[in-house]
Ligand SMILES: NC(=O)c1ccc[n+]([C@@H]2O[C@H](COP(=O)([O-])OP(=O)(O)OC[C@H]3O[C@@H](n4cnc5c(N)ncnc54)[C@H](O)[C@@H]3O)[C@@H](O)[C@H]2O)c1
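Below, in structure tokens: the form predicted alone, a single chain.
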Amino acid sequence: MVKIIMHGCCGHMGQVISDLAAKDAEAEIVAGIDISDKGNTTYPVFTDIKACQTEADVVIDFSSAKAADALLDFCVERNLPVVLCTTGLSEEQLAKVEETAKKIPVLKSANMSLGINTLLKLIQEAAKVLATAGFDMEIVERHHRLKLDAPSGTALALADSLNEAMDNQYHYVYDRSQKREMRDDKEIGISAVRGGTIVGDHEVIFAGPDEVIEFKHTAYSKAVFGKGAVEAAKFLAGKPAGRYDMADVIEG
């Protein structure tokens, strides 16, 4: 039985993961951390991360970027592996994640779903054929109106996957409205849409002469991310220090 501390337990994803863990015979959430205790959990909740001394095997984080630094410090101090699902981290925070991974196991993924992580591999193979043949690459991501960061972490991960396939020769363009000029051959355009209650929709477009090929992933509920987070926690518990991602979980 893997004992989990849920960081961001009172938020929507915290509650989704709590429900999934309650039905998982191999996982148990033993404590939660959140800025306020809304009374919607079956386990103790700590509003001050330093006050949480509950014994556990791993931490799952679905909170906000502003809470990431204190979380990483807490995990290092307690020698706790962490599944880091929060997006929108700054360059300084991303550097801190890499430094932290030298001390404890850190699994960071922009998207926890099995489908997205399979898509990351598929588009690399497509890029090697299509981008090499002169196809333009564009990414369109759509999320609910409450999402704070844009583009999404998943959109950036998709762009990184395309760029890696092309030996990192491309640059990213987030907004074409500020200048009037023709598209560069070595750019990956990323467009963000925010509205309604869209859970998550990512489209990778390969546009060539007289033909277009599209890869699309749609999440219809946040349960797909929660399930991935729980599986990642079970995978990470007991692992040596290092940087992990969902590809490691998929490959076992």
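These figures come from a predicted structure and were not determined experimentally. Residue indices: 1-based, along the sequence shown.
The protein also exists as the form predicted in complex with the ligand; that form is not presented, and the subsequent description refers to it.
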Proximity to the ligand in the predicted complex, single hit among Ile198, Ile35, Ala223, Ala207 (heavy atom within 4.5 Å)
Ile35
Taking the shortest heavy atom distance, is Lys147 within 4.5 Å of the ligand in the predicted complex?
yes
Under a 4.5 Å heavy atom criterion, is His12 part of the interface with the ligand in the predicted complex?
yes
Could you confirm whether Leu158 comes within 4.5 Å of the ligand in the predicted complex, counting heavy atoms only?
no
Look up in the predicted complex whether Cys85 has a non-hydrogen atom within 4.5 angstroms of the ligand, and give yes or no.
yes
Within 4.5 angstroms, counting heavy atoms, which one of the listed stretches 93-101, 130-138, 161-169, 107-115 is next to the ligand in the predicted complex?
107-115
